[in-house]
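Next comes just one chain, in C-alpha coordinates: the form predicted alone.
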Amino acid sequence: MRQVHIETFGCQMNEYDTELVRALLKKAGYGFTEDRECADVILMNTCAIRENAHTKVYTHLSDLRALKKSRPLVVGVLGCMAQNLKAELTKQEPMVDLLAGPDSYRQLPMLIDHAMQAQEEGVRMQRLAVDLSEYETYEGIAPARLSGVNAWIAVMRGCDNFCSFCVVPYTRGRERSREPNGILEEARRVAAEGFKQITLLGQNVNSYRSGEWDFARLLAAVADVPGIERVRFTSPHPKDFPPALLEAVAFHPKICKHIHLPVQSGNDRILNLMNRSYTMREYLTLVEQIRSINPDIVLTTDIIAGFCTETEGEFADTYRLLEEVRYHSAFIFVYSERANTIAARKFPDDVAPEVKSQRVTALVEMQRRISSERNREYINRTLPVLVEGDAKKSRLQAMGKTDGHITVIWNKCDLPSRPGQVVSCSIYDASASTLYAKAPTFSDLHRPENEHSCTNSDQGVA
(Lines give C-alpha, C1' and ligand atoms only; values in the text may rest on other atoms or scores of the structure.)
Protein backbone atom coordinates (compact mmCIF):
# COMPACT_ATOMS: atom_id res chain seq x y z
CA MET A 1 0.00 0.00 0.00
CA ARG A 2 1.43 3.38 -1.05
CA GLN A 3 1.80 5.72 1.95
CA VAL A 4 0.72 9.38 1.92
CA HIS A 5 1.89 12.09 4.32
CA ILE A 6 -0.32 15.22 4.43
CA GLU A 7 0.71 18.54 5.97
CA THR A 8 -1.99 21.17 6.47
CA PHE A 9 -1.47 24.93 6.67
CA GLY A 10 -3.96 27.72 7.30
CA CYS A 11 -7.60 27.88 8.23
CA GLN A 12 -10.23 25.46 9.51
CA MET A 13 -11.52 25.00 5.96
CA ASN A 14 -8.12 23.59 5.03
CA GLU A 15 -8.37 21.17 7.96
CA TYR A 16 -11.73 20.02 6.63
CA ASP A 17 -10.39 19.77 3.08
CA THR A 18 -7.58 17.54 4.32
CA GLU A 19 -10.23 15.23 5.76
CA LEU A 20 -11.90 15.14 2.31
CA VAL A 21 -8.55 14.39 0.64
CA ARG A 22 -7.87 11.61 3.15
CA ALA A 23 -11.28 10.06 2.37
CA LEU A 24 -10.74 10.21 -1.40
CA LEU A 25 -7.26 8.68 -1.22
CA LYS A 26 -8.34 6.03 1.30
CA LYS A 27 -11.08 4.93 -1.10
CA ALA A 28 -8.46 4.73 -3.87
CA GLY A 29 -6.35 2.34 -1.77
CA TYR A 30 -3.72 4.64 -0.27
CA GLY A 31 -2.50 4.44 3.32
CA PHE A 32 -1.32 7.27 5.52
CA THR A 33 1.75 7.95 7.63
CA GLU A 34 2.83 10.71 9.99
CA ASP A 35 6.48 10.05 9.11
CA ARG A 36 7.86 11.85 6.05
CA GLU A 37 10.65 9.28 5.76
CA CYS A 38 8.12 6.49 5.22
CA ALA A 39 5.99 8.35 2.68
CA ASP A 40 5.72 7.62 -1.03
CA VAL A 41 3.66 10.80 -1.48
CA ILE A 42 3.90 14.09 0.42
CA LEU A 43 1.03 16.53 -0.02
CA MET A 44 0.93 20.06 1.37
CA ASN A 45 -2.54 21.56 1.74
CA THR A 46 -1.78 25.26 1.60
CA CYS A 47 -3.16 28.68 2.51
CA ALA A 48 -2.77 31.89 0.50
CA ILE A 49 -4.15 34.40 2.99
CA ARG A 50 -1.01 35.42 4.93
CA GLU A 51 2.63 35.88 4.03
CA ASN A 52 3.63 33.67 6.95
CA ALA A 53 1.73 30.73 5.44
CA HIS A 54 3.56 31.18 2.13
CA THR A 55 6.91 31.27 3.89
CA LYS A 56 6.18 28.04 5.76
CA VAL A 57 5.23 26.20 2.58
CA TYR A 58 8.34 27.30 0.69
CA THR A 59 10.47 26.32 3.68
CA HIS A 60 8.91 22.85 3.72
CA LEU A 61 9.43 22.48 -0.02
CA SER A 62 13.07 23.39 0.42
CA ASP A 63 13.41 20.73 3.12
CA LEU A 64 11.98 18.11 0.75
CA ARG A 65 14.58 18.62 -2.01
CA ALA A 66 17.21 16.41 -0.37
CA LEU A 67 14.60 13.76 0.46
CA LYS A 68 13.33 13.71 -3.11
CA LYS A 69 16.86 13.34 -4.48
CA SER A 70 17.52 10.33 -2.25
CA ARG A 71 14.56 8.18 -3.36
CA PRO A 72 11.37 8.11 -5.45
CA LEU A 73 8.90 10.58 -3.96
CA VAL A 74 5.82 12.37 -5.31
CA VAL A 75 5.41 15.91 -3.98
CA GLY A 76 2.12 17.75 -4.37
CA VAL A 77 0.87 21.23 -3.47
CA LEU A 78 -2.87 21.48 -2.81
CA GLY A 79 -5.27 24.25 -1.92
CA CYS A 80 -5.15 28.00 -2.24
CA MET A 81 -1.45 28.45 -3.08
CA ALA A 82 -1.75 25.86 -5.84
CA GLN A 83 -4.68 27.83 -7.25
CA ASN A 84 -3.35 31.37 -6.82
CA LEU A 85 0.37 30.84 -7.47
CA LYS A 86 0.29 28.05 -10.06
CA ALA A 87 2.53 29.96 -12.49
CA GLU A 88 5.09 30.76 -9.79
CA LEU A 89 5.11 27.24 -8.38
CA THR A 90 5.48 25.53 -11.75
CA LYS A 91 8.34 27.85 -12.70
CA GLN A 92 10.25 28.13 -9.40
CA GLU A 93 9.54 24.70 -7.89
CA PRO A 94 10.17 22.07 -10.59
CA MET A 95 10.49 19.43 -7.87
CA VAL A 96 6.70 19.70 -7.34
CA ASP A 97 5.00 16.87 -9.24
CA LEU A 98 1.39 17.98 -9.01
CA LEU A 99 -0.81 20.96 -8.18
CA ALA A 100 -4.49 20.64 -7.23
CA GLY A 101 -6.75 23.56 -6.36
CA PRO A 102 -9.56 23.42 -3.77
CA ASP A 103 -12.14 22.31 -6.37
CA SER A 104 -10.01 19.52 -7.86
CA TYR A 105 -9.52 17.02 -5.05
CA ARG A 106 -11.62 14.32 -6.75
CA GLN A 107 -8.83 14.13 -9.37
CA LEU A 108 -6.06 13.50 -6.82
CA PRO A 109 -5.94 9.67 -7.09
CA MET A 110 -5.50 9.97 -10.86
CA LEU A 111 -2.91 12.77 -10.56
CA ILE A 112 -0.85 10.78 -8.05
CA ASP A 113 -1.04 7.59 -10.12
CA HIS A 114 0.15 9.45 -13.22
CA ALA A 115 2.98 11.14 -11.29
CA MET A 116 4.16 7.79 -9.92
CA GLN A 117 4.04 6.21 -13.34
CA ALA A 118 6.03 9.10 -14.82
CA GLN A 119 8.70 8.70 -12.14
CA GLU A 120 8.99 4.98 -12.85
CA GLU A 121 9.48 5.78 -16.55
CA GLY A 122 11.99 8.54 -15.82
CA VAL A 123 9.73 11.24 -17.30
CA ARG A 124 9.64 14.72 -15.74
CA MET A 125 6.20 16.29 -16.06
CA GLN A 126 4.01 18.30 -13.65
CA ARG A 127 0.34 17.46 -13.32
CA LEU A 128 -2.05 20.39 -12.80
CA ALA A 129 -5.73 20.47 -11.81
CA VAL A 130 -6.53 24.06 -10.94
CA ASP A 131 -9.90 24.83 -12.52
CA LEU A 132 -12.49 26.56 -10.35
CA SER A 133 -15.97 25.07 -10.23
CA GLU A 134 -19.37 26.71 -9.94
CA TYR A 135 -20.88 23.54 -8.48
CA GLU A 136 -18.34 21.47 -6.50
CA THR A 137 -19.30 21.11 -2.82
CA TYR A 138 -17.93 17.55 -2.33
CA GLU A 139 -21.41 16.31 -1.56
CA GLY A 140 -21.48 12.57 -0.97
CA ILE A 141 -17.92 12.34 0.40
CA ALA A 142 -17.71 11.39 4.07
CA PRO A 143 -14.59 13.15 5.45
CA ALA A 144 -12.04 10.82 7.06
CA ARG A 145 -11.78 12.50 10.44
CA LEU A 146 -9.26 11.81 13.14
CA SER A 147 -10.65 11.19 16.63
CA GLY A 148 -11.44 14.18 18.79
CA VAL A 149 -14.18 16.30 20.30
CA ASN A 150 -14.89 18.75 17.46
CA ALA A 151 -15.94 17.92 13.90
CA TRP A 152 -15.72 20.47 11.09
CA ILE A 153 -18.57 20.53 8.58
CA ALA A 154 -18.34 22.83 5.55
CA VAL A 155 -21.83 24.09 4.66
CA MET A 156 -20.72 26.19 1.69
CA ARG A 157 -17.66 26.96 -0.39
CA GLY A 158 -16.32 30.07 -2.08
CA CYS A 159 -17.00 33.76 -1.45
CA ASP A 160 -18.75 36.60 -3.29
CA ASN A 161 -17.59 39.47 -1.08
CA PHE A 162 -14.39 40.41 -2.94
CA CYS A 163 -12.78 42.25 -0.04
CA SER A 164 -9.92 44.07 -1.74
CA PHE A 165 -7.22 42.50 0.46
CA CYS A 166 -8.48 38.91 0.14
CA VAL A 167 -7.55 36.24 -2.37
CA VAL A 168 -10.29 33.74 -1.42
CA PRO A 169 -12.72 34.51 -4.32
CA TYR A 170 -9.86 33.80 -6.73
CA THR A 171 -8.67 30.61 -5.03
CA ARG A 172 -12.00 29.09 -3.95
CA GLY A 173 -14.42 30.57 -6.47
CA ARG A 174 -17.92 31.91 -6.05
CA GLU A 175 -20.32 31.05 -3.25
CA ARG A 176 -22.29 27.82 -3.46
CA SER A 177 -24.19 26.20 -0.60
CA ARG A 178 -24.66 22.52 0.15
CA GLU A 179 -28.07 20.89 0.38
CA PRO A 180 -29.32 20.97 4.00
CA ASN A 181 -30.21 17.27 4.01
CA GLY A 182 -26.59 16.36 3.21
CA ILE A 183 -25.33 18.61 5.99
CA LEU A 184 -27.77 17.15 8.54
CA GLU A 185 -26.87 13.62 7.47
CA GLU A 186 -23.19 14.46 8.05
CA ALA A 187 -24.06 15.96 11.45
CA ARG A 188 -25.89 12.79 12.48
CA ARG A 189 -22.94 10.72 11.31
CA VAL A 190 -20.39 12.66 13.35
CA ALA A 191 -22.67 12.41 16.40
CA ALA A 192 -22.78 8.61 15.92
CA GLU A 193 -18.97 8.63 15.71
CA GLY A 194 -18.82 10.23 19.17
CA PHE A 195 -18.03 13.86 18.35
CA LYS A 196 -19.66 16.24 20.83
CA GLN A 197 -19.18 19.55 19.03
CA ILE A 198 -19.75 20.63 15.43
CA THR A 199 -18.24 23.73 13.89
CA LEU A 200 -20.00 24.86 10.70
CA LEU A 201 -17.58 26.31 8.15
CA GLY A 202 -17.73 28.68 5.22
CA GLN A 203 -15.70 31.57 3.88
CA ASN A 204 -18.82 33.62 4.62
CA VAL A 205 -20.73 31.00 6.54
CA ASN A 206 -23.75 33.11 7.49
CA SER A 207 -24.58 33.86 3.83
CA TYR A 208 -25.62 30.19 3.48
CA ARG A 209 -28.79 29.79 1.44
CA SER A 210 -30.39 26.68 -0.08
CA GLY A 211 -33.98 27.07 -1.22
CA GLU A 212 -36.01 28.14 1.80
CA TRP A 213 -33.14 27.38 4.18
CA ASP A 214 -31.09 30.27 5.50
CA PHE A 215 -28.20 29.98 7.95
CA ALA A 216 -30.31 30.57 11.07
CA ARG A 217 -32.59 27.65 10.19
CA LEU A 218 -29.62 25.39 9.34
CA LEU A 219 -27.76 26.30 12.53
CA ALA A 220 -30.76 25.46 14.72
CA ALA A 221 -31.38 22.19 12.86
CA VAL A 222 -27.78 21.05 13.36
CA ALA A 223 -27.97 22.02 17.05
CA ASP A 224 -31.05 19.80 17.40
CA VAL A 225 -29.15 16.67 16.27
CA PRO A 226 -29.18 14.17 19.19
CA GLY A 227 -25.79 13.58 20.76
CA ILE A 228 -24.32 16.97 19.84
CA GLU A 229 -23.59 19.16 22.87
CA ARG A 230 -22.38 22.32 21.14
CA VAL A 231 -22.49 23.98 17.73
CA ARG A 232 -20.17 26.79 16.60
CA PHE A 233 -19.69 28.56 13.26
CA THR A 234 -16.94 30.46 11.48
CA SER A 235 -16.26 32.73 9.74
CA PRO A 236 -19.23 35.06 9.40
CA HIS A 237 -19.46 38.48 7.77
CA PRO A 238 -21.03 41.41 9.66
CA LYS A 239 -23.43 42.08 6.76
CA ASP A 240 -25.34 38.81 7.26
CA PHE A 241 -26.79 38.87 10.80
CA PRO A 242 -30.60 39.01 10.56
CA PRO A 243 -32.62 38.95 13.82
CA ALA A 244 -33.39 35.22 13.42
CA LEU A 245 -29.69 34.36 13.51
CA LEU A 246 -29.02 36.53 16.56
CA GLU A 247 -31.97 34.94 18.34
CA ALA A 248 -30.71 31.43 17.51
CA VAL A 249 -27.29 32.21 19.01
CA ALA A 250 -28.77 33.98 22.01
CA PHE A 251 -31.43 31.45 22.99
CA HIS A 252 -30.74 27.96 21.63
CA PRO A 253 -29.11 26.04 24.51
CA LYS A 254 -26.66 24.16 22.26
CA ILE A 255 -25.55 27.03 20.01
CA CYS A 256 -22.44 28.54 21.55
CA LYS A 257 -22.63 32.08 22.89
CA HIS A 258 -19.69 33.21 20.80
CA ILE A 259 -19.65 35.31 17.63
CA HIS A 260 -16.48 35.95 15.70
CA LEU A 261 -17.19 39.33 14.10
CA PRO A 262 -14.31 40.42 11.83
CA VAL A 263 -14.02 44.21 11.65
CA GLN A 264 -10.58 44.61 9.94
CA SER A 265 -10.43 48.39 10.54
CA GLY A 266 -12.08 51.04 12.70
CA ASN A 267 -12.00 53.73 9.99
CA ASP A 268 -14.69 54.24 7.33
CA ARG A 269 -12.31 55.29 4.53
CA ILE A 270 -10.15 52.21 5.05
CA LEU A 271 -13.24 49.98 5.28
CA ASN A 272 -14.38 51.41 1.94
CA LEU A 273 -10.98 50.71 0.37
CA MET A 274 -11.21 47.19 1.76
CA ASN A 275 -14.68 46.81 0.21
CA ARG A 276 -16.10 45.64 3.52
CA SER A 277 -19.66 46.87 2.71
CA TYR A 278 -20.39 48.38 6.14
CA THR A 279 -19.56 51.57 8.03
CA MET A 280 -18.38 51.87 11.60
CA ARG A 281 -21.82 53.09 12.62
CA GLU A 282 -23.44 49.99 11.11
CA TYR A 283 -20.89 47.67 12.69
CA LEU A 284 -21.26 49.21 16.15
CA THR A 285 -25.04 49.06 15.82
CA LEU A 286 -24.72 45.31 15.25
CA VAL A 287 -22.47 44.99 18.31
CA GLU A 288 -25.09 46.83 20.35
CA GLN A 289 -27.86 44.53 19.04
CA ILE A 290 -25.84 41.42 19.96
CA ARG A 291 -25.13 42.62 23.47
CA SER A 292 -28.67 43.83 24.06
CA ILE A 293 -30.13 40.44 23.11
CA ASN A 294 -27.62 38.55 25.28
CA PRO A 295 -24.77 40.36 27.10
CA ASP A 296 -23.01 37.03 27.77
CA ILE A 297 -22.22 36.48 24.08
CA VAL A 298 -18.43 36.55 23.64
CA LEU A 299 -17.25 38.73 20.76
CA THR A 300 -13.94 38.19 18.97
CA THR A 301 -12.60 39.81 15.81
CA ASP A 302 -9.95 40.11 13.08
CA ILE A 303 -7.97 43.30 12.49
CA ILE A 304 -5.51 44.28 9.74
CA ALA A 305 -2.96 46.98 10.62
CA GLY A 306 -1.15 49.02 8.00
CA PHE A 307 -3.52 48.59 5.08
CA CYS A 308 -2.77 50.60 1.95
CA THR A 309 -2.59 54.39 2.61
CA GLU A 310 -3.65 54.02 6.28
CA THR A 311 -2.69 57.21 8.15
CA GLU A 312 -1.83 57.57 11.84
CA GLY A 313 -5.24 59.13 12.45
CA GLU A 314 -7.03 56.26 10.72
CA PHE A 315 -5.02 53.74 12.70
CA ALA A 316 -6.01 55.64 15.87
CA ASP A 317 -9.67 54.96 14.95
CA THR A 318 -8.96 51.22 15.06
CA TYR A 319 -7.15 51.59 18.37
CA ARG A 320 -10.15 53.44 19.83
CA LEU A 321 -12.48 50.74 18.46
CA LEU A 322 -10.72 48.12 20.61
CA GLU A 323 -11.22 50.32 23.66
CA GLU A 324 -14.90 50.85 22.83
CA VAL A 325 -15.99 47.31 21.92
CA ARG A 326 -13.68 45.48 24.34
CA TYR A 327 -13.52 42.17 22.46
CA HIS A 328 -12.60 39.09 24.44
CA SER A 329 -9.82 38.39 21.95
CA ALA A 330 -8.64 39.48 18.49
CA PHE A 331 -6.51 38.11 15.68
CA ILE A 332 -4.34 41.06 14.68
CA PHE A 333 -2.30 40.94 11.47
CA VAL A 334 0.11 43.11 9.53
CA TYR A 335 -1.26 43.81 6.06
CA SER A 336 0.60 41.74 3.48
CA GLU A 337 -0.17 42.23 -0.18
CA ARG A 338 -1.58 39.12 -1.90
CA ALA A 339 -1.03 38.51 -5.59
CA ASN A 340 -4.08 38.99 -7.85
CA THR A 341 -6.21 40.81 -5.26
CA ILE A 342 -7.97 44.11 -5.94
CA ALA A 343 -5.67 45.89 -3.48
CA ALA A 344 -2.56 44.57 -5.24
CA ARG A 345 -3.87 45.90 -8.55
CA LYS A 346 -5.26 49.25 -7.43
CA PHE A 347 -3.63 50.52 -4.21
CA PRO A 348 -0.03 51.21 -3.21
CA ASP A 349 1.30 49.12 -0.32
CA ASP A 350 2.85 52.30 1.04
CA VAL A 351 2.86 51.89 4.84
CA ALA A 352 6.45 51.23 5.89
CA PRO A 353 7.11 47.77 7.40
CA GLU A 354 8.39 49.27 10.66
CA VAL A 355 5.22 51.39 10.95
CA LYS A 356 3.03 48.33 10.35
CA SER A 357 4.96 46.49 13.05
CA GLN A 358 4.56 49.34 15.53
CA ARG A 359 0.81 49.49 14.90
CA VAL A 360 0.36 45.75 15.36
CA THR A 361 2.37 45.87 18.59
CA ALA A 362 0.22 48.71 19.94
CA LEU A 363 -2.99 46.85 19.11
CA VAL A 364 -1.74 43.56 20.56
CA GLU A 365 -0.70 45.23 23.81
CA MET A 366 -4.06 46.98 24.10
CA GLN A 367 -5.99 43.77 23.34
CA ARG A 368 -3.90 41.73 25.79
CA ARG A 369 -4.84 44.14 28.57
CA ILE A 370 -8.53 44.06 27.61
CA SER A 371 -8.55 40.25 27.28
CA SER A 372 -7.04 39.93 30.73
CA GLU A 373 -9.67 42.24 32.21
CA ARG A 374 -12.52 40.45 30.42
CA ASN A 375 -11.29 37.03 31.54
CA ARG A 376 -10.94 38.15 35.15
CA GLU A 377 -14.67 38.88 35.11
CA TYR A 378 -15.16 35.08 35.22
CA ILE A 379 -13.28 34.64 38.51
CA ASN A 380 -15.55 33.13 41.20
CA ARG A 381 -18.01 31.97 38.53
CA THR A 382 -18.78 28.33 37.74
CA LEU A 383 -18.89 27.58 34.03
CA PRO A 384 -19.77 24.51 31.92
CA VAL A 385 -16.64 23.48 30.01
CA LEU A 386 -16.37 20.97 27.16
CA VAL A 387 -13.29 18.83 27.86
CA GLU A 388 -10.89 18.56 24.89
CA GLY A 389 -7.96 16.63 26.39
CA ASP A 390 -4.55 17.21 27.96
CA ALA A 391 -3.25 20.74 28.45
CA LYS A 392 -0.41 21.66 26.10
CA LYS A 393 2.18 22.26 28.82
CA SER A 394 1.45 19.37 31.17
CA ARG A 395 -0.21 15.97 30.95
CA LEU A 396 -1.11 16.40 34.63
CA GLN A 397 -3.57 19.10 33.55
CA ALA A 398 -6.64 18.98 31.35
CA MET A 399 -8.06 21.69 29.12
CA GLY A 400 -11.35 22.54 27.54
CA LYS A 401 -13.41 25.42 26.19
CA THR A 402 -16.22 27.46 27.62
CA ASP A 403 -19.38 28.12 25.69
CA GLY A 404 -17.70 31.39 24.66
CA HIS A 405 -14.65 29.54 23.29
CA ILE A 406 -12.30 30.59 26.09
CA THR A 407 -9.61 28.09 27.11
CA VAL A 408 -9.87 26.64 30.63
CA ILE A 409 -7.12 24.61 32.38
CA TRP A 410 -7.35 22.56 35.59
CA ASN A 411 -5.44 19.87 37.47
CA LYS A 412 -6.68 16.38 36.63
CA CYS A 413 -6.33 15.19 40.23
CA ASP A 414 -8.58 18.04 41.38
CA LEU A 415 -11.21 17.65 38.67
CA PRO A 416 -11.22 14.25 36.90
CA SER A 417 -12.71 14.35 33.42
CA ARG A 418 -12.61 12.77 29.98
CA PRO A 419 -12.63 14.31 26.46
CA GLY A 420 -16.11 15.07 25.20
CA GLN A 421 -17.57 15.49 28.68
CA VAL A 422 -19.10 18.75 29.87
CA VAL A 423 -17.89 19.53 33.40
CA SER A 424 -18.61 22.35 35.81
CA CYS A 425 -15.48 24.39 36.53
CA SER A 426 -15.04 26.97 39.26
CA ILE A 427 -12.77 29.76 37.94
CA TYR A 428 -10.22 31.02 40.47
CA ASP A 429 -7.71 32.88 38.27
CA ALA A 430 -7.30 34.19 34.73
CA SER A 431 -4.77 35.49 32.22
CA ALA A 432 -5.27 37.20 28.87
CA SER A 433 -5.72 33.85 27.12
CA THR A 434 -6.71 31.32 29.77
CA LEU A 435 -9.05 30.67 32.69
CA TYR A 436 -7.76 28.53 35.58
CA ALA A 437 -10.25 26.28 37.31
CA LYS A 438 -10.86 23.83 40.12
CA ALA A 439 -13.73 21.55 41.09
CA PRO A 440 -16.71 23.61 42.27
CA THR A 441 -17.85 23.46 45.88
CA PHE A 442 -21.49 23.57 46.97
CA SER A 443 -21.20 27.31 47.67
CA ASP A 444 -19.61 27.88 44.22
CA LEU A 445 -22.58 26.27 42.50
CA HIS A 446 -25.11 28.30 44.45
CA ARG A 447 -23.70 31.78 44.04
CA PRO A 448 -26.35 34.04 42.39
CA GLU A 449 -24.07 34.85 39.43
CA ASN A 450 -23.76 31.14 38.64
CA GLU A 451 -27.43 30.32 38.38
CA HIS A 452 -27.46 30.78 34.58
CA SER A 453 -24.01 29.22 34.13
CA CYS A 454 -24.65 25.71 35.44
CA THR A 455 -27.33 24.38 33.12
CA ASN A 456 -25.03 21.52 32.08
CA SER A 457 -23.68 20.76 35.55
CA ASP A 458 -25.95 17.73 35.87
CA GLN A 459 -23.65 16.00 33.36
CA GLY A 460 -21.24 15.90 36.26
CA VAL A 461 -17.66 14.89 36.74
CA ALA A 462 -16.26 11.48 35.81
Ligand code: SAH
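Note that the structure is predicted; figures quoted are calculated from it, not measured. Residues carry their position along the shown sequence, with the first being 1.
Separately, the form predicted in complex with the ligand exists; it is not shown, and the next lines address it.
- Across the proposed site, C256, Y378 and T407 without exception lack any heavy atom within 4.5 Å of the ligand in the predicted bound form.
- Contact check for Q203: a heavy atom falls within 4.5 Å of the ligand in the predicted bound form.
- The closest non-hydrogen atom of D240 lies beyond 4.5 Å of the ligand in the predicted bound form.
- Under a 4.5 angstroms non-hydrogen atom cutoff, the ligand in the predicted bound form has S336 among its neighbouring residues.
- Among heavy atoms of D349, none comes within 4.5 Å of the ligand in the predicted bound form.
- Listed residues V422, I49, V41, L61 were compared with the ligand in the predicted bound form; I49 is the one with a heavy atom within 4.5 Å.
- Contact with the ligand in the predicted bound form, judged by any heavy atom within 4.5 Å, is made by just one of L363, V298, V190, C166: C166.
- Partner proximity in the predicted bound form, defined as non-hydrogen atoms within 4.5 angstroms of the ligand, places exactly one of 320-328, 217-225, 177-185, 262-270 at the interface: 262-270.
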